[in-house]
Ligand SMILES: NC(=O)c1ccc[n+]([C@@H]2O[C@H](COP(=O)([O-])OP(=O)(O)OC[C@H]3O[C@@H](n4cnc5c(N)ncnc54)[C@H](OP(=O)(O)O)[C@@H]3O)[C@@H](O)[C@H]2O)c1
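Before any questions on binding or motion, here is one chain by itself as structure tokens, the form predicted on its own.
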């Protein structure tokens, strides 16, 4: 399969790229941190010389996000089977102190960026020989009725928006042979978790969470479409 993973330079994204490449898929790792991406690709190639791993710079934080990205992607693969919107940004700050600029940045990365990226990639997703799969990575903090925590108003509300967008896109894109699901992740041991909950030790490692996300990205659309699925042992 041809699989694109955003936010691939660290945490769950880096583990996901590594595991998918080791399984023999053609993986395109995208992030604004191209230095870390190239380091990741080099490590994968050293351990698995035949791995089909490609890196592309992608910054979802501004209006120019994705400029020429589709052209670069099409030079690598003819179609896209799976898109994992894993890139995310978090700020841990009391609600009264969050600035408009900070709020806009969180929404640019977590909502507007994936929105625009999906729009750009629709032709490549529609061209897949079998139903393609968009997996949006949300958070348990964005699930209605779940536990909520101080300081995460911007992050959790943006993830709720991404989850709702996933439900809407599943309905709108089904005639294009594209299926859309959203995984609301609980606590996994990543740098982002440390930012949100300093000192907390998660019961799941980034590699373990990536293993489940990878399986779902490849197989989940055979069973689900338009679903927001909690994947959590703890929150946190």
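Positions refer to the first chain, counted from 1. Here the structure is a predicted model, which means the values were calculated and not measured.
One more form of this protein should be noted, the form predicted together with the ligand, which is absent from this view; the next part is about it.
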| Triplet 12, 186 and 190 all within 4.5 Å of the ligand in the predicted complex via a heavy atom | yes
With the partner omitted here, the residue among 70, 211, 26, 61 that in the predicted complex has a heavy atom within 4.5 Å of the ligand is 61
Heavy atom of residue 8 within 4.5 Å of the ligand in the predicted complex:
yes
TODO: Evaluate residue 132 for contact with the ligand in the predicted complex, applying a 4.5 angstroms cut-off between non-hydrogen atoms, and reply yes or no.
DONE: no
Point to revise | Partner contact for residue 109 in the predicted complex: the ligand, 4.5 angstroms, heavy atom | key: yes
Exercise. Would residue 154 sit within 4.5 Å of the ligand in the predicted complex, counting heavy atoms only?
Worked result: no
Of 72-80, 85-93, 144-152, 118-126, the segment with heavy atoms within 4.5 Å of the ligand in the predicted complex is residues 85-93
Applying a 4.5 angstroms cut-off on non-hydrogen atoms, the residues of 132-167 near the ligand in the predicted complex are 137, 138, 139, 155, 159
